[in-house]
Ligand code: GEK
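Next up: a single chain in structure tokens, the form predicted on its own.
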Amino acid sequence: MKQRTDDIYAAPLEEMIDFQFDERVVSVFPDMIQRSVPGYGMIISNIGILAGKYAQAGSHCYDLGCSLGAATLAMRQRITQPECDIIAVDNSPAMIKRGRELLALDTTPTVPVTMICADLLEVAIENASVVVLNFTLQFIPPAERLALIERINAGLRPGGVLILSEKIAFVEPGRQQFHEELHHDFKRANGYSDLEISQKRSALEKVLIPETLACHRQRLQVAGFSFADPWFQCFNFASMVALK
């Protein structure tokens, strides 16, 4: 599938539908994510570094909601522990199909990768040392998020790590407006029009539900993690590390 520039939300309003990770999105996803998420490249690179630090010999590393496998490939390049493998899961057949094509081009042969098309809520998490939720939890219904985080914690070895990246919300209206405006400025600087920004926001608002960092911290604590702290934030996007 040829990669192209993201112009999905330049279409007329009557052609808009709620956001879906379908073939149309897959064809523009690398461009879309780089131009929409501040610091995305840094997050991916450091997921690899964190995986290299916390991966344990003879364990599984999970990339849940893997999309095209950017985090999977970053982990694969950094993990040096023996007998580790990576299990990458996404519920979009189009994402998995293209992800497998990209994986086949990777020249890092040392860490086996299995890409699975499945609902991550139904995938067993076991004997894990690293679990990645990279802009994934925000698409899970809020009522189901704690159960997922608890299941991840239960499937992690002692000393294992969860890397959680999310778009975040703010309680104070002034802070929310400040970060939203800066995010929109970031998109404009990357070539999106006001029409595209507005229409994508409308398409996402029913399926992407952000929460505050305090909410994420509390959930991680309730789920049994011993430590949870942000390691990255740019505007209203953040990534956290939680240790078991």
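Owing to the predicted nature of the structure, the values given are computational and were not obtained by experimental measurement. Residue numbers run from 1 along the displayed sequence.
Beyond what is shown, the protein has a form predicted in complex with the named molecule; the following relates to that form.
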4.5 Å heavy atom contact, L50 to the named molecule in the predicted bound form: no
In the predicted bound form, L162 touching the named molecule (heavy atom, 4.5 Å): no
Residue contact check: F170 to the named molecule in the predicted bound form, 4.5 Å heavy atom: no
Contact label in the predicted bound form: A118 to the named molecule, heavy atom within 4.5 Å: yes
In the predicted bound form, the residue from V130, I79, A71, I86 that sits within 4.5 Å of the named molecule by heavy atoms: A71
Interface residue in the predicted bound form among I140, L146, A154, L102, criterion: non-hydrogen atom within 4.5 angstroms of the named molecule: I140
Options 50 to 58, 211 to 219, 36 to 44, 181 to 189; stretch whose heavy atom lies within 4.5 Å of the named molecule in the predicted bound form: 36 to 44
